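One chain follows as structure tokens, the form predicted on its own.
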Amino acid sequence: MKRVITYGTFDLLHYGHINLLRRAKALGDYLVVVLSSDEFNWDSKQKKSYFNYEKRRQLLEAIRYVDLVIPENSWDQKVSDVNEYHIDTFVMGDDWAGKFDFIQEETDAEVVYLARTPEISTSQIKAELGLTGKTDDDK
């Protein structure tokens, strides 16, 4: 069984997220989604999600491409996640291109950066709805 992992906040879940999850799952048989906890978002990224962790987790678990959702509590857990879950492919959006190449050097996992869906983002949705605050799409 080929295992794939990806990370994100997945706030205000939209079709760009679904596209990423569908394409990530197509790279293997089992998709692990590591979902940023509320504390990690605030303490490490200074970002507040519209939906809390539990609601975002429930949404992700309802998507047929997702096999397992686990929490992200620190930037440093990626290598241990890859090893613990026996991951073959580490997937991120191409806005992170190059930033996780070390994963491939420190583990047996291949690192793949997938193109984002260009016409949609959580930041765009929040701006159009008049919601304020940083989102997962802000850097």
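Heads up: residue numbers just count along the shown sequence, starting at 1. Here the structure is a predicted model, which is why all the values come from computation and not from measurement.
FYI, the form predicted together with a small molecule isn't displayed, but the following is about it.
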Using 4.5 Å between non-hydrogen atoms, is S36 touching the small molecule in the predicted bound form? yes
Can you work out whether E72 and the small molecule are in contact in the predicted bound form, taking contact to mean some heavy atom pair no more than 4.5 Å apart? yes
Would A127 show up as a contact with the small molecule in the predicted bound form if we use heavy atoms at 4.5 Å? no
For Y65, is any heavy atom within 4.5 Å of the small molecule in the predicted bound form, or not? no
Partner absent here, but in the predicted bound form, which of 101-109, 79-87, 42-50, 24-32 has residues with a heavy atom within 4.5 Å of the small molecule? 42-50
